[in-house]
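Only one chain is given next, in structure tokens, and it is the form predicted on its own.
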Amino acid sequence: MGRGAKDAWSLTALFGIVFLGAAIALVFIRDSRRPWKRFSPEPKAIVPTLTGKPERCLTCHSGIEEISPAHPISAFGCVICHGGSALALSKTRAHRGLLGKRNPASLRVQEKTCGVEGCHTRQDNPKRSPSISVPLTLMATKASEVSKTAFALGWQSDELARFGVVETRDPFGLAPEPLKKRALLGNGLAPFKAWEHPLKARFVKNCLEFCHLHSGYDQNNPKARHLSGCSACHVPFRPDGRYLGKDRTINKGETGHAPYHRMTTAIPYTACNACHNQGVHSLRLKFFYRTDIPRASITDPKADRFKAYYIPQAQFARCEVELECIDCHTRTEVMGDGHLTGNKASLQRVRCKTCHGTRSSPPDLRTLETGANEAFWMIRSYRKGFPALRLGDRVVVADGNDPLPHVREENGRIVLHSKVYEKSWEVPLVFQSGCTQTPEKQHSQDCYLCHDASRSFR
């Protein structure tokens, strides 16, 4: 090889080395600038057992809390609930196709998340599937509030429910109960149209926009005191909507978040109180928030319940302030029976006599004779450490054969076990006691004549 050829080869080699070095440096610089590098030096991959497909979401969301013991990340991962692109490492691509944006439990998408086959559905009894029954409840439709307001203001000539906040159809047709009990016209609700009347627009803006399961707290709806969909009850929430957990990718100063990535079935009264006792409507269709509720009590279940919950001058029995809401209200009352309804009374299952009985009869007790009893299915969602049920146990049954697995006979006594805390109470019985009630009068106001405990909390 001649000298000129050698020089040319040397120059080419030098340029190659420089180019290779520049390429490596460029890759290093670009790689170091990748956002996910702030959270992990290398991509973190998991392979959830339920899907068998790798996901790299935890590369960025490495500090996020496991949402519940029933949904371990090793089995569920992230994508099965949240959607998105499992392997992408840029925020834009990874979040493309997210279900419900930040909330996969939104009623807009829950059929693809909570309600997919094998999750919160029941093939043996579809009407008991939360994904089917919850959108039909008054908490989702507001049908009763709409119909009563429309009747009072002359927009319709009766109190039958015709409208809801969204169009809703009963998937199983008309319920077996008489129309009067269901208070519903037909088997569906049309969307309430605000633009037909200026007063209707005020009604929607001040009363309907922020207090139902289709709405929830986000950056565009700060009036709401809850998240939307299933999360309204099952995800603990703070009114300021700011995240307090350990996921470094979530902006702590941004609103519209739950405080932690957690879900629970042990629902404290504060979750119910977020909607059910925050204020009153005026005749001018304006909502007035209560200002007498101590701020700390809004999220603290151990706070003074009388100050946090009960309206001044209201009557209540001691059990109503000592127990959690879900310790009394049945699953059917809260999550529906799989049929559309136009009033609350059609789903009422529990009254004072359900647990306390009457002068003429004790509570209705049923023996658990087979493992197929509904009580065994229900108890699976109760808090950790909840006392187990066994064949032969006798549990209280509410109207409509709704079992109360947490209220049962033990050693000849009726005992209520809290669904939220490790507490239990012996239930005093009216039967064979000195109570002078009239068995036919079983409304709460009748019991308050003797058992109003409100004065002892003032």
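Residue positions are given as counts along the sequence shown, with the first one as 1. For the two forms, the rigid core is made up of the largest set of C-alpha atoms that agree within 1.5 Å on superposition. None of these values were measured; they are calculated from a predicted model.
There is another form of the same protein, the form predicted in complex with heme C (HEC); it is not shown, and what comes next is about it.
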query: Residue (of H281, K101, R162, R383) lying close to heme C (HEC) in the predicted complex, criterion heavy atoms within 4.5 Å; finding: K101
query: Listed residue (K193, R169, K252, K91) with a non-hydrogen atom within 4.5 angstroms of heme C (HEC) in the predicted complex; finding: K91
query: Heavy atom of each of I67, Q348 and E426 within 4.5 Å of heme C (HEC) in the predicted complex; finding: yes
query: 4.5 Å heavy atom contact, E322 and heme C (HEC) in the predicted complex; finding: yes
query: Heme C (HEC) contact in the predicted complex: A201, any heavy atom under 4.5 Å; finding: no
query: In the predicted complex, L153 touching heme C (HEC) (heavy atom, 4.5 Å); finding: no
query: Exercise: T149 in contact with heme C (HEC) in the predicted complex, heavy atom 4.5 Å; finding: no
query: Candidate stretches 282 to 290, 371 to 379, 185 to 193, 153 to 161 - the one whose heavy atoms come within 4.5 Å of heme C (HEC) in the predicted complex; finding: 371 to 379
query: Residues within 4.5 Å of heme C (HEC) in the predicted complex, restricted to 78 to 116 and counted by heavy atom; finding: C78, V79, I80, C81, H82, G83, G84, S85, A86, A88, L89, S90, K91, A94, H95, L98, K101, R102, N103, P104, A105, Q110, C114
query: Core-aligned CA displacement of H329 at least 2 Å between the shown form and the other one; finding: no
query: C-alpha of G241 off by 2 Å or more between the shown form and the other one on rigid core; finding: yes
query: Yes/no, E254 Cα shift of 2 Å or more between the shown form and the other one with rigid core fixed; finding: yes
